[in-house]
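One chain is shown next in structure tokens, namely the form predicted on its own.
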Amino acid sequence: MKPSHIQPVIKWTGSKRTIAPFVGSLIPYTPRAFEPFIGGGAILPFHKAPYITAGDVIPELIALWVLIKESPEEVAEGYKERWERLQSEGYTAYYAIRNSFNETRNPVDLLFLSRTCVNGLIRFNSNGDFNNSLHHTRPGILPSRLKQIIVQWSGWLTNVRFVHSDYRHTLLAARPGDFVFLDPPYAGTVGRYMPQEFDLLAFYAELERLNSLGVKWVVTLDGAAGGRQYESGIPDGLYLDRMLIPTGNSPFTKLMGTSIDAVYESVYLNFQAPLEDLADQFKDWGQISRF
């Protein structure tokens, strides 16, 4: 099955699933690849390297990815148990499982919550506890269907090593000729994903370090939603190419009931994107703007 037909296994805020085929087409063949902000892993199946390292600062997320890779049947059965409990007990089961996750940090609880919370928005409060509500009008994906997806993803992850660490620590292993895909969390929308603020200046310094090593990278940053611009941009001199790509509508403004905002992602590369070679493949993506 082609990567573009892979369904998401973990619902995660800021997922790049809608633009994954396009971003994947930009990824070069390299000996090793790194994803230090793994999130929902939408880009993982598109890597062309035989060795991949994926990391994140959320330990429960990394634990869930490891379980999907190594024990897919266990994950599928755990989701089924929680889903059936929700159907039989109603909304109270969701909040009991949410409380359980906040106490135990069980990774399968996190999977269930990501699949049944409002609009799939992953949100943590200032104490680091998951605090999104149940999506009452959606029962969650059927366990039989999710099991197929979990097993499929398990096969895609055989050459992926997962690490729980800060992105800079994950990238200490990067060497000349490697490739890195970076999707830092909410560069312009602090606090919706994790309570701490993301330091863009430190991030830019890391990009400069990767450039000095001869490591190729692609970065996606919040571009715009509605009339709002979310980031000032990576400093000139750090990148060689930039595009603005439509990703759909914002689930956050939909949740808040304020508006339905079209969202655009800024994509930066420290090498020249082969857009001319991809023109036929992505001819329907007429809204892509190159800077």
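In this text, residue numbers run from 1 along the sequence as written. These numbers come from a predicted model, not from an experiment.
Unshown form predicted together with a small molecule; subsequent notes refer to it.
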Could you check which residue among 133, 125, 152, 165 gets a heavy atom within 4.5 Å of the small molecule in the predicted bound form?
165
Can you work out which of 61, 243, 54, 68 has a heavy atom no more than 4.5 Å from the small molecule in the predicted bound form?
61
Whether residue 183 contacts the small molecule in the predicted bound form should be assessed with a 4.5 Å heavy atom distance threshold; does it?
yes
Does any heavy atom of residue 33 come within 4.5 Å of a heavy atom of the small molecule in the predicted bound form?
no
If we define contact as a non-hydrogen atom of the residue within 4.5 angstroms of the partner, is residue 79 a contact of the small molecule in the predicted bound form?
no
Residue 13, heavy atom within 4.5 angstroms of the small molecule in the predicted bound form:
yes
